[in-house]
Structures are given as structure tokens and as C-alpha cells.
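One chain comes next, on its own, written as C-alpha cells: the form predicted alone.
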């Protein structure tokens, strides 16, 4: 992250996963609405960037991830896919870039980037696989340009070629704002069209400045969180984790986009995951929308959920949705009670407020 650059644009800083990050520039709601209606630029350099290379890289991935990574074409991303522990709890959900078949870029979440780097190395060593894992976080920064007008911005930055990228497709060594990048992908974490750019720090700063000059608004990590909750995207430590006493089986996540390939054999956690599939899950991840009369109530992590006097679940992530103009949450609810449209109650500081169970995403794009 280029701290002085963000100070120049008025950023307030906070801590996220051990990183100092720009949390907000103007207001979270304003920045959120900008991404939904126009375009914003994020510095997401807190995310992991691991280069995994060697003739056995794909073999390693097939052991670690729930998706059949070997099907991924060169120039495309595989994901999201899950890395499980033996209890079928989630270590991380990740995106993998296939650069040339023997060279890949992995994007672990910030909180587990170091852990995943060591895990990959130890797994390769234990299986005598020819794989090298390199941490690229000091070498490159990572930016995201997101919103319905993103293609117009990329054109103004001299990257009109980006319009032709398919979702999850990327290019290596292209130019944006007149400077060379490492990777530009058509991807993001907001539910909007967008591009993620990985480049050397000095080039990342130029791209950020030039984007702002064209009218793109800087957006902080606080709005990134509200945007992802609105789309029902998960975050480690909230919706998933490795501790089986705190988090349900990976199936409870209801993770879409083919994150699990059931035809695949031999990955870590497969036996426990299949047992979970056969036996059924107790907990299901669903959405909650506060009723109109309780619109200003913000559900928070850990709030209990009730049906009459039965405690049926808990909130994992919550926020105020600027689009729906009310509080929303992701939650785990006992599968016996997880009926879409059902009314439940959230306990907030000793009082209860009504919410409705909904499916994801909260808003349609």
C-alpha cells in the first residue's frame, strides 16, 4: 500500500488482518453508492499474492483445493475454490491465476496469507513435489477498479483492450495509464463489473492517480466490506474458519460457482466433506433483512437469532445496506428453520427486532 498517496486523498486509516489500510475517504455510504452507480478504485494490497511455480504445481493444487484446478485454461482464473482442513472446515477461499501451466498466481485472503504460503510449501515438501512458492506482496501492489462504468475508465486509461476480457480472464504485461502491469484481470469482490490490477508500486501509484484524474473516486476497505455483504460474499473469520467448534462444515456456506467438484478425489477434507453431504447439514448460511420498522438496526457479528423462544442461529456479518436502506446480515440458521421468507427475531442489547430470511444476493445486478 502507498500510504502517502492515500493520505493525499484524505484517507482515514484502520487495521484489517494486521494491515494498516485506508478505511474511508469521504463516507462509507457515499463510496458504496459510487461503486454501485458509477466507478471507484480500491487499494487492496493487503491481499496475499503468492507465485506458485514448478512442474508439479497443478498436482499440488488438486490435493489442496476442492475445485478441479487442472481444468483451468491458461490466461484464466480458477475460483473461488476452497482449501479445507481434514474436518471439512475452510482454511481459505481463493482465486488462482493460470499464467502458463507451470506458473500460477494465488490470491489468499489477507489474514491467512502467511499461513497459506507455509501450508503450500509444507504440503509440497511432504509429497516430494517440485514446487516453489514465492511471496510477491513486497514486489507488487494490487488495485481494484469496480463499478458499472469501469470499462469507460479503462479506455480513458489507454486500456481499451480490457473491454474484450471475459469474466475471470486476465492478461500479463499489458499497459494501463502508460505503465506496465504484471496482471490485469476482469474480476472483483463487489458484484459489479470491474478489473483488478497487480503492478509494481511505482506503477500502481501512477495508475491510481491517473484514474482519480479521470473522475474515479477512491474507495476504502469499509465500503468494500459493505459491498461484499450486500452480495452475500463470505469473509474468513466471520462466515468460515478451521475450528469445528465455531464453524460448520464447508457445505453450510452454500458456496456457489462450482467451488466444489464432486467428481474429484483425494483432496484434503474430502472424506469429511462427503460425510457431511450424506448426513446433511445442521446449519445453513442465509441472509437476513431487517423489517421496515427496524430498518436502522444494524445486525452485528455474534447476535443471536430467535424463532419465538427458540435460539436458532447467529449473525456472522452485518451492515447497513445503502441500496435497501436498512440493516442486513449473513447468518447461520438451524436448517430446520431456514425457510426463505420466514420472520425471525434478532436480539440486540436485550431487545428483539424482526427480520426476514432471504436468499443471496440481497440485491440483483
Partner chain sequence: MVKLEVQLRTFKTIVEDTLLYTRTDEWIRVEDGKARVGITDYAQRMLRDIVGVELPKLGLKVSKGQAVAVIESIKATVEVYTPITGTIIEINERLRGEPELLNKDPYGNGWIFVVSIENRDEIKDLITPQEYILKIQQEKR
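Predicted model only: the values in this text are computed from it and were never measured. Residue numbers count along the first chain shown, from 1.
Although not depicted, the form predicted together with its partner chain is the subject of the following passage.
**Q** Have a look at 311, 37, 70, 27 for me and say which one sits with a heavy atom within 4.5 Å of its partner chain in the predicted complex.
**A** Among 311, 37, 70, 27, a heavy atom within 4.5 Å of its partner chain in the predicted complex occurs only for 27.
**Q** Tell me, out of 78, 150, 185, 226, which residue has a non-hydrogen atom within 4.5 angstroms of its partner chain in the predicted complex.
**A** That would be 226.
**Q** So, a 4.5 angstroms cut-off on heavy atom distances: do all three of 12, 296 and 319 pass it with respect to its partner chain in the predicted complex?
**A** Every residue of the candidate spot has a heavy atom within 4.5 Å of its partner chain in the predicted complex.
**Q** Heavy atoms within 4.5 Å of its partner chain in the predicted complex: which stretch among 333-341, 49-57, 298-306, 62-70?
**A** One stretch meets the cut-off, namely 298-306.
**Q** How about residue 3: is it within 4.5 Å of its partner chain in the predicted complex, going by heavy atoms?
**A** Output for residue 3 is yes: heavy atoms within 4.5 Å of its partner chain.
**Q** Taking 4.5 angstroms as the cut-off for heavy atoms, does residue 363 touch its partner chain in the predicted complex?
**A** Result no; residue 363 lies far from its partner chain in the predicted complex.
**Q** Give a yes or no for residue 19: in the predicted complex, does one of its heavy atoms lie within 4.5 Å of a heavy atom belonging to its partner chain?
**A** No - in the predicted complex, heavy atoms of residue 19 and its partner chain never come within 4.5 Å of each other.
**Q** For the heavy atom contacts within 4.5 Å of its partner chain in the predicted complex, list the residues of 201-216 involved, in sequence order.
**A** Not one residue comes within 4.5 Å of the partner.
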